[in-house]
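In structure tokens, the next block holds one chain alone, the form predicted alone.
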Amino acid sequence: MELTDNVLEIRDLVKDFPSVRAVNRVSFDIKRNTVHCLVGENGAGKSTLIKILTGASARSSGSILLNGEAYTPHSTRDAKQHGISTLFQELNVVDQLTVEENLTLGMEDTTLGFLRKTDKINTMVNVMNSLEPSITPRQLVSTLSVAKKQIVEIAKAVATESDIIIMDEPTAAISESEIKRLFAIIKSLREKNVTVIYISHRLDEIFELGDYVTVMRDGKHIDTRPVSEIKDRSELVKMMIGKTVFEQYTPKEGECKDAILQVRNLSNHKLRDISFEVHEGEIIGFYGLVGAGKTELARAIYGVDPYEGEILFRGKKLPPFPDKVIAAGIALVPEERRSQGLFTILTIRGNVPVMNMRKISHNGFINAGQERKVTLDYIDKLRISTSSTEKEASKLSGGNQQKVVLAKCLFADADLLMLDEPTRGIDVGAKSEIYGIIRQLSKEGKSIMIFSSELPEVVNICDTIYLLYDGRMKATLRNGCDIDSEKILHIVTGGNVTSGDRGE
């Protein structure tokens, strides 16, 4: 079969979920032996597209041609057999095994149940040596850096004759020197007849590495162009955000109240010298893309992750233990609501009071009447859509699950609510309701911290917006004036910051 210039041809690809069309009639080509970059804001549809290509998710309609032939993978294993491998942010290596064992994991040759040495191992080791000679086959993977673990995965993909290697944010957790080495390896893959699909929020990487770039927005394909034809990062930013229209922000009335939370020089494995204040009744937002440090900041304040620096709440040093933080009056709505925010096998009634059981108990016994009344009050206050307090949390919609998590935190008598990605995965109607709840809580004197990767979200409801990039606070914006979305995206993708951008 004669190979065409295109290794992949995507035509009218659609992926529908119950409440949203994540990929909307996407069509573009990927040329053979190129580095093809895929960019877009969070929620643009990149991840869903990659899941379809790798067999992790089935498309709703449309077609894909791989090397000129129809391609419909039924699993990730099926995709690998067709020559498509993926290097995820969460690396797929086993630390307890050697490099050699990781290279052949899942592809071992056996005789009567016993492993045997074959040329396959030698081929993989030779490929790895050509990429990074310092890695030895007998070395435990646990002794390798993140960058070298990535090289082990790349070697495995190349040795198994993958035509395409998909790399999802591969530089998120490695140093500058390791990034340079990785880039050299990626560029060398062209000589091995490998096409790389490269996903990154760091736009400078696109210009350094890419041959072509595809921009997605709101599930749609915006454009595919040679990187050489894009003038600068500002032009790429315009393609990514389009004409973004924000809901009207309503400025706070009256003067700023006293600071309830003071964070000074906070640093840890991810964060670098973060300082800010939160005032009573204020809604502040932390905006950044993948790897910016938003979740790590929330975890540090909540006492989950260790840190250096000082955190004061109502003028007193905050103990670095979640139970002490909750007792002080701070509650966290985590990013992963199903696995971290809810007891999904329990009912709504079983979830709402769980952070403050003393309030509905006497001498160690729960007052069932109070428990039911409290649950009904929050169902009414937060407009949770359910037929009964006895409905299991797992059977609620995403928006209503998020409201139950909010109810838990409010019943804990929290004066400061930290919301990590508060509307991720929920529909537009539920988003609007949750924004309304947040505004009402602010009017009642509650302080709110929102950690979000959705720019319209923080601009819509936050009084002050802090921009994060690579664990650092890059700029401070006061809402109520003109918000330059292009400049914001420029900053959170690693662009230079002027003194005016810092809020100085």
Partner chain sequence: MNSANEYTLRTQLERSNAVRSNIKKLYIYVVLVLIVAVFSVVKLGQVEFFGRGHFLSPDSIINLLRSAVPILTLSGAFTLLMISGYIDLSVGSAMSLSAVVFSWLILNGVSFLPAFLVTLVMGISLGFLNGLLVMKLRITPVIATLVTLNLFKGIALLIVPHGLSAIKGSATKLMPAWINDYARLDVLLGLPWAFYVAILVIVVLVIVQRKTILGKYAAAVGGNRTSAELSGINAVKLVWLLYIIVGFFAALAGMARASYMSLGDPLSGDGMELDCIIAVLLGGTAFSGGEGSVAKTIVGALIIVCLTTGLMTVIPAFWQTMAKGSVLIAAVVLNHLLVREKVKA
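Positions refer to the first chain, counted from 1. Keep in mind the model is a prediction, meaning the values are calculated, not measured.
Not pictured, yet referred to below: the form predicted together with the partner chain.
The contact with the partner chain in the predicted complex, taken as any heavy atom within 4.5 Å, belongs to Gly341 out of Gly291, Gly399, Gly210, Gly341. Distance criterion of 4.5 Å from any heavy atom to the partner chain in the predicted complex singles out Leu332 from the list Val404, Ile154, Leu332, Met216. The partner chain in the predicted complex is approached by Tyr302, whose closest heavy atom lies within 4.5 angstroms of it. In the predicted complex, the partner chain lies farther than 4.5 Å from every heavy atom of Ala184. In the predicted complex, the partner chain sits within 4.5 Å of a heavy atom of Lys395.
Among heavy atoms of Asp323, some come within 4.5 Å of the partner chain in the predicted complex. Taken together, Val94, Lys148 and Glu169 are entirely out of contact with the partner chain in the predicted complex: none brings a heavy atom within 4.5 Å. Only one listed stretch (156-164, 341-349, 379-387, 229-237) carries heavy atoms within 4.5 Å of the partner chain in the predicted complex, and that stretch is 341-349.
If you take 352-366 and check each residue for a heavy atom within 4.5 Å of the partner chain in the predicted complex, you get Val354, Met355, Met357, Arg358, Ser361, Gly364, Phe365, Ile366, in sequence order.
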